[in-house]
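This document opens with one chain alone, in structure tokens, the form predicted on its own.
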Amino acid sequence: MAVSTPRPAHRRWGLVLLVAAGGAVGSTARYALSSAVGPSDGWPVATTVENVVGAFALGLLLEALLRRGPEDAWARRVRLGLGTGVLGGFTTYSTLALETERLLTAGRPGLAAAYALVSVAAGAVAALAGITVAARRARAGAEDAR
């Protein structure tokens, strides 16, 4: 007798639509921010802000979900809708690559290198900060419960 296994998330239409809806929200927010904030002395400020804020929020979200325990259906929907959808649509490392290439093509190799390095480093630090905040909040909540 065959044992049925649950379908993977990418084959569940409800989860796929949740990611798509979240992506639409995140991409719209990124478009609005990019339209409102222009570059400063050639530095793509909007993309930097989007990637750093998104990295912080993703670190915060995933750590908070992880500290809840094993992933249940609600946590999976939150992770896919907010993490993969909204924050995946909000952050844009492909635009970082394109803007870095454009800075290089424009004859600004120092700015291109600084932009790429600062963006990646700041994103990593922001993600770590989000993880740290979520961990501290979880510990404080556990202490309050005692």
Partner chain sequence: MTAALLVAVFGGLGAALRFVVDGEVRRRWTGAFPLATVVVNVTGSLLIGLLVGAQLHLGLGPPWFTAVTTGLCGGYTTFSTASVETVRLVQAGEVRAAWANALGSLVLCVAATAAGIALVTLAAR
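As the structure is a prediction and not an experimental result, all values here were calculated from the model. Positions refer to the first chain, counted from 1.
One more form of this protein should be noted, the form predicted together with the partner chain, which is absent from this view; the next part is about it.
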{"item": "The partner chain contact at L66 in the model of the complex, heavy atom, 4.5 Å", "value": "yes"}
{"item": "Exercise: L58 in contact with the partner chain in the model of the complex, heavy atom 4.5 Å", "value": "yes"}
{"item": "Distance check, S40 to the partner chain in the model of the complex, heavy atom within 4.5 Å", "value": "no"}
{"item": "4.5 Å heavy atom contact, V133 and the partner chain in the model of the complex", "value": "no"}
{"item": "Interface residue in the model of the complex among L104, V78, L33, V45, criterion: non-hydrogen atom within 4.5 angstroms of the partner chain", "value": "L104"}
{"item": "Residues within 4.5 Å of the partner chain in the model of the complex, restricted to 10-30 and counted by heavy atom", "value": "H10, R11, L15, V16, V19, A20, G23, A24, S27, T28, R30"}
